[in-house]
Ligand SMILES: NC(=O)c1ccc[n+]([C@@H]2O[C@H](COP(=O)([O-])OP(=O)(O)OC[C@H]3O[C@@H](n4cnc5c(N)ncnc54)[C@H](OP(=O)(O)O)[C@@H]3O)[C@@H](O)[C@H]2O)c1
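Given as structure tokens, the chain that follows is alone and in the form predicted alone.
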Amino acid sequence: MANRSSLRVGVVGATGLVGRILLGILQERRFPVGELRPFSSGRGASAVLWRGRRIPCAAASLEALRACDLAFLVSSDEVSERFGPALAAAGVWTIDDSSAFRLHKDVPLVIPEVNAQALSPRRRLIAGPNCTLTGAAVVGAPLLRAGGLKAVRLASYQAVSGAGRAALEEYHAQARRAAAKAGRSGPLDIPPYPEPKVFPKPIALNLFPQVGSFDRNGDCSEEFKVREELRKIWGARALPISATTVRVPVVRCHSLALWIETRRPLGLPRVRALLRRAPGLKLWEGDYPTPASALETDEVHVGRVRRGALPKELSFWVVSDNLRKGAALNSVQIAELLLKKRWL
């Protein structure tokens, strides 16, 4: 075990959207970083602000990362595939935020409030989940324990930032064009946009039910990820899960319309009591959360708790910060668990 007051911590992708938030959270929560080693993903010279100092980001290399006690990978699948298994084999605790290893049978896929028991001292490569399903996983966990799950249905309303910096730039460019034309045309007039480069359709003043590419069954890749990752996190391999994922013109925070059918009946008073007590959840009573109210918060927010159309079906509105709880915070919480267990 490393000296807990002087951990060498590497962050690959430190200058990205999630990487910068992760560095802020490490400082906010006073994680015991003795030496920070920030790495770029190969996009040229860069630096990050850490404890009031600018620290240059080196290009990531296996040799430099092997000298760390803990490595956060918040870059691309390709970068994670290059470094993740090799670092774990070298004894470095490695927390990966990409999709590269989430469904690998030997890699724990962990949301600490839901399945911390999946962690093992023998498995040093750990995956964090797709940010879209985090809210559903946290809301569904107490219901799974209390009533069992029979089926889950959801529709996501996913923020632009979930697709990365280039997607945000595309959205802002389209939004500026729309704003510039707003005073010179009718209120329902949508300006012509240049051909989208990141998204399949324009996103400003628009939305589309596609996140990722389609398969031959008509499902997009995000819908597959939501289904299979929820099954793994909940330990419910055969659970029927239906999903439609939608990209919406919101900068940050993903929202879900969620329907959960339980095996055993659960009354609404008990459901609300379960949600109030559940770790990582904020229950809204008499009101409902929005992306604006969930922004930069640690909790998964749930409101509009009511009965569905089926006898044991419950309906929820769920919002969480996709960059914070859906990615950076979840990774730091996993690292905190490793410390608590004295494995790190």
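This one's a predicted model, so the numbers in the text were calculated from it and none came from an experiment. All residue numbers refer to positions in the sequence shown, first residue = 1.
As for the form predicted together with the ligand, it is not shown, yet the points below apply to it.
Only one of 174-182, 258-266, 79-87, 114-122 places residue heavy atoms within 4.5 angstroms of the ligand in the predicted complex, namely 79-87. Using a 4.5 angstroms threshold between heavy atoms, G164 counts as touching the ligand in the predicted complex.
Although the partner is absent here, L17 sits close enough that one of its heavy atoms falls within 4.5 Å of the ligand in the predicted complex. Although the partner is absent from this view, L70 stays clear of the ligand in the predicted complex, with no non-hydrogen atom inside 4.5 angstroms. Although the partner is absent here, S75 sits close enough that one of its heavy atoms falls within 4.5 Å of the ligand in the predicted complex. Exactly one listed residue, out of V152, A127, C131, V226, brings a non-hydrogen atom to within 4.5 Å of the ligand in the predicted complex: C131.
Residues N322, L323, G326, A327 are the members of 312-328 with a non-hydrogen atom no more than 4.5 angstroms from the ligand in the predicted complex.
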